[in-house]
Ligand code: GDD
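Here's a solo chain for you in structure tokens, the form predicted on its own.
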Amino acid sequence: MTCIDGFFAGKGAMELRALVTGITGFVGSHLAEYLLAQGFTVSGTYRVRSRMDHIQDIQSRVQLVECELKDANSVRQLLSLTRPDFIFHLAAQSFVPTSWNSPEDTLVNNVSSQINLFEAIREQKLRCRVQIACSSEEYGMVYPEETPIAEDNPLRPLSPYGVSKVAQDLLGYQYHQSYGLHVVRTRTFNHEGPRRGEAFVLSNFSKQIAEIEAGKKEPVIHVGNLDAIRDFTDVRDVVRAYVLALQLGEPGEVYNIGSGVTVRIGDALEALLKMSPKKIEVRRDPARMRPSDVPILHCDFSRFQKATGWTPAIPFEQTLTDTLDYWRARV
């Protein structure tokens, strides 16, 4: 483990404690596995309604703490118990369509949880590093001449979720500037892979295909906007980036994380359909269309690459294959 400016002087890699908020989720579970493999002692938050199947293989190796992040006292108890060196703040309402139906809940949940975390760190004078999982959805309306998107591009969010992430992002900057908290912000572009929730586009396509192959659904796949262009990165590359962000990233800085390669959603669907022996009809579903959609997200991750040496390693085709196989094993 690299110690920067003596931040963790005297601690070996096996002594470093990592806290993952939302450890039972898609990214959280992959991050926990990676941290354990790197020799960290790992704690994570969950709620009563959290699904535990993502972490069933590692549950005995992590410290699980029930915590409602919207409750300040619960967060204070969490940090007093875990005393982390690294905090990866992943827990959030992260599904864009849900934010349209519940804008207030999305904003209150995502913003208040982070404020409670920061205030507890300050109160307890914790000497720790904090990664804030922000989002490319903050960029929102991006014009063709602004791609690939760098960190200094204007933020024009097009959903309540995007607005909530802008707030989280700027709070991270403000707490670093005001109080000296070691906060690194990461704006991650679309990330996919095994365990992705079925509400998300490539996972949803994969589940529908798996259900059709299993004879549980008619050979019709229902889709929304196929013309949006996205930059996809495998979740296993993303969690590696998150750890590097806290090891080598500059406190107070913001970094884009993505592949630098764009894919039209319709083309990604075609690639998945070619992996199936079934003949499947594609049918547009107006209910799956958003009130407004970001037309293109194309990542310039050169700032992060320069700071850490990170580059994605898992091909998009492998991500699609693994996601489809994940659903085939479950339907």
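For every residue, the number given is its place in the sequence shown, counted from 1. All figures in this text were calculated on a predicted structure; none of them were measured in a lab.
This next part talks about the form predicted together with the named molecule, which is not shown.
Trainee: Answer yes or no: in the model of the complex, does the named molecule come within 4.5 Å of a heavy atom in every one of Y46, E68 and T98?
Mentor: No, the whole trio is out of contact, none within 4.5 Å by any heavy atom.
Trainee: Picking from 177-185, 77-85, 227-235, 143-151, which part of the chain touches the named molecule in the model of the complex when contact means heavy atoms within 4.5 Å?
Mentor: Partner-contacting stretch among the options: 227-235.
Trainee: Between V62, A268, I55, L297, only one gets a heavy atom within 4.5 angstroms of the named molecule in the model of the complex; which residue is that?
Mentor: Only one listed residue qualifies here, and that residue is L297.
Trainee: Give me the residue from V201, C128, L244, V254 that has a heavy atom within 4.5 Å of the named molecule in the model of the complex.
Mentor: Checked against the cut-off, the match is V201.
Trainee: If we define contact as a non-hydrogen atom of the residue within 4.5 angstroms of the partner, is V223 a contact of the named molecule in the model of the complex?
Mentor: Yes, V223 is a contact residue.
Trainee: When the contact criterion is heavy atoms within 4.5 Å, does N116 count as touching the named molecule in the model of the complex?
Mentor: No, N116 sits far enough from the named molecule in the model of the complex that none of its heavy atoms falls within 4.5 Å.
Trainee: How about R288 - does it come within 4.5 Å of the named molecule in the model of the complex, if we only consider non-hydrogen atoms?
Mentor: Result yes; R288 sits at the interface with the named molecule in the model of the complex.
Trainee: Would R195 show up as a contact with the named molecule in the model of the complex if we use heavy atoms at 4.5 Å?
Mentor: Answer no; every heavy atom of R195 is more than 4.5 Å from the named molecule in the model of the complex.
Trainee: Since the partner is left out here, which residues of 110-137 would have a heavy atom within 4.5 Å of the named molecule in the model of the complex?
Mentor: Heavy-atom contacts within 4.5 Å come from S135, S136, E137.
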